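Okay, so here's just one chain, in structure tokens, the form predicted on its own.
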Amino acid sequence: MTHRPYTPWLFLAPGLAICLMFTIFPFVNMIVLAFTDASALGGGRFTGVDNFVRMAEDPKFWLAARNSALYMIGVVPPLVLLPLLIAMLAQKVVPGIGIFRTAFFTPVIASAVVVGLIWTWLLDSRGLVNNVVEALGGTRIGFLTDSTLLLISSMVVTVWRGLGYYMVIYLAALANVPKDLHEAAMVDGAGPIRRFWSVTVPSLRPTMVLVAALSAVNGFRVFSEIYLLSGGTGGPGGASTTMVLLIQSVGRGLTGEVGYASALSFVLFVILLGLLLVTLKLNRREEQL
């Protein structure tokens, strides 16, 4: 049976059309709009690099970039280490381990809105945590009304939601750690802690780099946690605004500045691309060791 040269392209055409319509075209359109003064009502004149010059002079941009960077720095270490420790516990085959794994994975599949409502109920000035603090003789803490505490509270929610997801990645990686290395270390008299640092960690290093990359990208483009805990305001006076929250606030509504929001999105894309390239380089170096 013979095939015409264009036959494979006929099978690929539906997928390519969907990719072109929902991925490539919006991305290219975003880059084009970044160099215009387009509004939500359409149109827009070519303005060159005016949006980027405005961005460099915009204190809101620098505040959002700083908050996003702090957010990334705050969530990456716990999201690299805690899921690893949980995965090491969860890989044990003991009665009830399924419940343990499910408990940590449930936040991953929970709706962001539900998660936001739960944590708002917990951390609100009249919430459960503050009621406990007051019952113990303390004063109520402004978890959601202080800009710094709001960022930290959002980081806690991000870490809490990410534990189960990264735990699954580590569970898959732990299954591939050679058992003979552990057995050889045990014969040499190495205890559990020594085997962890000398066998487990070196074997998981590429996975840890991958988890660091994923959590860094997700941390830098955080949106739902800050948006939900702050009620969509970005904290008091917008002091806890992050990059994605700034893009959303600039580009939304009939008065939205789509051109400027596109320029912000383009810069965010460049930053995230840079993070990924650095991580890929680190991962490649780990694999060569």
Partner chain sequence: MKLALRYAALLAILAISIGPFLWQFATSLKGPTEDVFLPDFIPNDPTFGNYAAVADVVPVWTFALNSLGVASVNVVTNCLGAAMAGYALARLKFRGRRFAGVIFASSILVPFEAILISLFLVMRGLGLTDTLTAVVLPGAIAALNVLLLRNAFLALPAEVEEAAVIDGANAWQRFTRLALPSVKGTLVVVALFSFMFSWDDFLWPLVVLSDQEKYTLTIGLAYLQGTFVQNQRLVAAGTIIAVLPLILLFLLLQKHFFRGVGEGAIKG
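What we label the rigid core is the largest C-alpha set whose atoms superpose within 1.5 Å from one form to the other. These figures come from a predicted structure and were not determined experimentally. Residue numbers count along the first chain shown, from 1.
What follows is about the form predicted together with the partner chain, which we do not show.
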| property | result |
| --- | --- |
| Interface segment, criterion being heavy atoms within 4.5 Å of the partner chain in the predicted complex, picked from 65-73, 46-54, 30-38, 234-242 | 30-38 |
| In the predicted complex, the residue from Ala213, Val159, Ala185, Leu171 that sits within 4.5 Å of the partner chain by heavy atoms | Leu171 |
| Single option in Ile152, Leu81, Ile97, Val201 placed near the partner chain in the predicted complex, where near means a heavy atom within 4.5 Å | Ile97 |
| Partner proximity in the predicted complex: Ala103 to the partner chain, non-hydrogen atom cutoff 4.5 Å | yes |
| Distance check, Asn131 to the partner chain in the predicted complex, heavy atom within 4.5 Å | yes |
| Contact of Arg252 with the partner chain in the predicted complex (heavy atom, 4.5 Å) | yes |
| Heavy atom of Leu275 within 4.5 Å of the partner chain in the predicted complex | no |
| Residues within stretch 47-69 having a non-hydrogen atom within 4.5 Å of the partner chain in the predicted complex | none |
| Core-superposed comparison between this form and the one not shown, Asn131 Cα displacement 2 Å or beyond | yes |
